[in-house]
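Starting off, we have a lone chain in the form predicted on its own, written out as structure tokens.
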């Protein structure tokens, strides 16, 4: 019987099985940022432990960095301390650091792929929930906690339980105005925010195969929102074409050898999966969230479900969501007024995301009651967008054009909601307080849907206004 890519990559990196029953895994690539690394480095220093393989760790600054005024020292004292600590630690331990002064700074899950650090067959760990993004390349990538950041720095390994594998086949042809963000929100709506617990998600089917690498990254990025620690896609020619010539990818004949190896990693045709789910998205409308977690999602043409449709465990959360969002069961979200429109994040801050939004925005104006801004996911994305004139399109429409970073996605910087503002957001989480205000309200959607809402001042069905 054949093996899945997950099993192949896991077994290649397993050092041994521990007495606890967990496997000790070698980590091929370790990505760090300023928020979850200071304590890990402090623990190493307390014990007098060195970083075992500094050449396998790469750092960037993204979570706390301001997107408007980036002058040092930062006005936020804590943010300045975090960045200063990362600068000091990466210098002390000789770790490559893409600081604000470099051409490669950006959100960790965007710069990894664009620099060619992310490659098929790798185990990739990062102290950030959305590390599964890198699984779009056929890597086994996952988020970790601070103590695990410490362990990897010290040993280049960590202990983990092996997950089961669920194959998710996505079939059909997407309607115009429906994007990769809609597909992953639909998957989460169908399977639930806890449906992936204990599983790695292998995404496949004609829709996934037809997606670009950037679209695949959007899908894998939100695997954690469905409870799965891992989300991946088998590597193919699109994967290889994307990586060719990237800064840290193999070059010349080494690249050709790498392709032969990468092809061997794909799940075998006779692989037995622990579970298989088939989802047809042919008739799917653009998706939007209405509640306080990504599973509170629906097609924009439908109404918020009645509370009696939820299980006993889910009903209380749904009730809390309606109260927080100031909505009612059975209500349509069409016409819902918004205050803020945000395009960016590790989910949708890539060049293709900005192009889609700009295509809709061109020649239009942001509604007078909406504050709209665009935050490119990296310095490289920002540079490319400006070369294509996208910044001018956004600014002419009334959007604020910013520097690279996580921005309002998690509200750990200057970009935050105020009071009970409603934000149309291309980010990945709509938790209470996620965007800085405990009463702020977040609606997740695709960048193009955000752009449409920014112009109209309210939520619309993108299919009707394209």
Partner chain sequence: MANEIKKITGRALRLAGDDIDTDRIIPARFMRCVTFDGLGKYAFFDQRFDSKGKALEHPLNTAKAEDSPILIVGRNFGCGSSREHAPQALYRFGFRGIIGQSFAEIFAGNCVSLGFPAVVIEGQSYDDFIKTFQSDPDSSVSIDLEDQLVKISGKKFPFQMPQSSLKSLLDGKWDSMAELLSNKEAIEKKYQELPYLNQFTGV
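Quick caveat, the model's predicted, so the values are computed rather than measured. Positions refer to the first chain, counted from 1.
In what follows, reference is made to the form predicted in complex with the partner chain, a form of this protein that is not presented.
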TL;DR on 301 to 309, 331 to 339, 256 to 264, 176 to 184: the one with heavy atoms within 4.5 Å of the partner chain in the predicted complex is 256 to 264
Listed residue that, although the partner chain is not shown, lies within 4.5 Å of it in the predicted complex (heavy atoms), from 297, 370, 224, 385 = 224
Note: exactly one of 281, 122, 393, 366 sits with a heavy atom within 4.5 Å of the partner chain in the predicted complex, namely 122
Whether 151, 250 and 431 all lie within 4.5 angstroms of the partner chain in the predicted complex by heavy atom = yes
Please run the contact check for residue 235 against the partner chain in the predicted complex: heavy atoms, 4.5 angstroms, yes or no?
-> no
Does the partner chain come within 4.5 Å of any heavy atom of residue 362 in the predicted complex?
-> no
Any of the heavy atoms of residue 163 lying within 4.5 Å of the partner chain in the predicted complex?
-> yes
Contact test in the predicted complex: residue 244 vs the partner chain, heavy atoms, 4.5 Å = no
Contacts from 36 to 63 to the partner chain in the predicted complex (any heavy atom within 4.5 Å), listed N to C, are 36, 38, 39, 44, 47, 49, 52, 53, 55, 56
